[in-house]
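First comes one chain, alone, set out as structure tokens in the form predicted alone.
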């Protein structure tokens, strides 16, 4: 079972690659959209700006193949950090930008300063788990994960939320909808619990 980690020029992918190998998953990094068609599972990590990420995905030819393989064929997909935010309909970072639109909603800046917390949100925080049959299978509630971000996805449908984190106010830490999974935190930097999440994803039936 091959997991393809998409290299679209947004962030360091090596730590994600190493984490998957630590849990025994066969993972490769690729910037070739055609490799997505041969993948059993697809991972979209990323660090940076929403608009730049969508521009790169578009120019590198990933949009059509991602829609085909994830939306139409139902391959398991994991978005990490920026990769989660790109699932939204719209990103509000530096103006309005269209996202992949797989999870209706928008990505907005965390309203932290007004509540006395620093932005960007960097560090360990507890995630309250509302689903325990997917990424969080076998984990107790809550669990601490490592975050680095200033924006978060606000889905139109709260039913897709699988984890919430409080940082000044609640924000969505993870979503699960059919074959689409995504986390705002960095599982590859979240020690044993993060590896457990990646192992759960790698164990999903494609």
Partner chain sequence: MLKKRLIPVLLLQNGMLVRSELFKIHQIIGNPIHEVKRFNQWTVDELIYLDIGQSDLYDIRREDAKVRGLSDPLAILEEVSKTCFMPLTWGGRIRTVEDMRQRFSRGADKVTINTAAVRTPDLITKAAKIFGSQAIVVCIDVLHHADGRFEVFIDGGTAPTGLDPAAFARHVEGLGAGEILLQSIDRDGTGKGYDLDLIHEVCKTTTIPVIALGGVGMYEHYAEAIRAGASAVSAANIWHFKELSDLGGKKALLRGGINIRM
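Positions refer to the first chain, counted from 1. Note that the structure is predicted; figures quoted are calculated from it, not measured.
There is another form of this protein, the form predicted in complex with the partner chain, and it is not shown here; the text below is about that form.
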Residue 49 within 4.5 Å of the partner chain in the predicted bound form, heavy atoms = yes
So, in the predicted bound form, is residue 19 in contact with the partner chain at a 4.5 angstroms heavy atom limit?
-> yes
4.5 Å heavy atom contact, residue 75 and the partner chain in the predicted bound form | no
Heavy atom of residue 101 within 4.5 Å of the partner chain in the predicted bound form = no
Go through 154, 28, 144, 63 and name the one with a heavy atom inside 4.5 Å of the partner chain in the predicted bound form.
-> 144
Would you mind picking out the stretch of 64-72, 133-141, 174-182, 160-168 that comes within 4.5 angstroms of the partner chain in the predicted bound form, counting non-hydrogen atoms?
-> 160-168
Within 117-143, the residues having any heavy atom within 4.5 Å of the partner chain in the predicted bound form are 118, 119, 120, 121, 122, 123, 124, 125, 126
